[in-house]
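In the block that follows, a single chain appears as structure tokens, in the form predicted alone.
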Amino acid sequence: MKKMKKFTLSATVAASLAFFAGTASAQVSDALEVDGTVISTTAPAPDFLDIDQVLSGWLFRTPETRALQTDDFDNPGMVFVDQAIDDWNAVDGSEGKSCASCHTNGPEEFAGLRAELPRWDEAQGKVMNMEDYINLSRVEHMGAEPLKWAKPRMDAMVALISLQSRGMPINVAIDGPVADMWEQGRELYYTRVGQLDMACANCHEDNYGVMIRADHLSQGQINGFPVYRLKNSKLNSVHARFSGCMKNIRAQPFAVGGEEFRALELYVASRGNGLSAEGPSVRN
């Protein structure tokens, strides 16, 4: 296995984060609080990483962008959560049911789910993520058409269900029946691709905390997904962001919802174990 670079929260990274906190003397808070829920934005790194801490992407944003996430009224991603609530209650499909028909306690029933995904599902005999569970319910219980990945209705529903886990620690399993897929994802994370001959690790492990053009490189954690990006004024899914990163390095992206991105999602999600689920978060 490739030896990972030892990278702690160095003076360079700390100074960079302090700059974005607003003043040279500002202290970077390690916690984000939203409507009374404390969200941990730092955590000890998982044992398989050769770094000391894992850091939420929230820490790498400007004070103005951070502030948008501290209040649900200001968070533009919550508009899409409201749309998903309407969809939750809407009858769709041949069975004449809505999500609410079966889940009578509301989406709160899924508290904790986002923090464990992707995960092995014994009944389905495969690794499942949020989009899989949403479409499983739609097709098998509602007789409705599956929602398309990385499209507005799906991303909004993922945001609504993810919101129920806000503040809960990410705890993605990497052993047992998911081990082979996790290893595949790890290999993808360190494999150089594209005309720029870069891997995920080159930005998010070797150079986080560094400015690249107008962007402040983060660790690439996905505990805040789906993410409202100011850049495109919409919710963005994990796989859509993977695809965008590959395009940025002039590589042919893997298919959204395909096996490669599923494996990569599993691995990257596990790199954030210990951080809090944040979604929907706000980023550049």
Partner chain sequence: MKNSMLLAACASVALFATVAIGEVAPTDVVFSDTGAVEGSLTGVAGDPTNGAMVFKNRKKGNCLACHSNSDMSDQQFHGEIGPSLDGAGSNWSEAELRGLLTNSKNTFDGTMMPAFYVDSGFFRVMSKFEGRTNLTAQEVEDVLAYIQTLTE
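Residue numbers count along the first chain shown, from 1. Keep in mind that what you see is a predicted model, and the values were worked out from it rather than measured.
Only in words, not in the display: the form predicted in complex with the partner chain, which the text now covers.
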| task | Can you check 239-247, 62-70, 38-46, 223-231 and let me know which stretch has heavy atoms within 4.5 Å of the partner chain in the model of the complex? | result | 239-247
| task | May I ask whether 192, 212 and 252 all come within 4.5 angstroms of the partner chain in the model of the complex, judged by heavy atoms? | result | yes
| Wondering, does residue 85 line up within 4.5 Å of the partner chain in the model of the complex on heavy atoms? | no
| query | At the 4.5 Å heavy atom threshold, is residue 124 in contact with the partner chain in the model of the complex? | reply | no
| Is residue 32 one of the residues lying within 4.5 Å of the partner chain in the model of the complex, judged by heavy atom distances? | no
| said: Residue-level question: is residue 196 within 4.5 Å of the partner chain in the model of the complex, judged on heavy atoms? | reply: yes
| remark: Interface check vs the partner chain in the model of the complex: of 128, 172, 203, 178, the one with a heavy atom inside 4.5 Å is 203
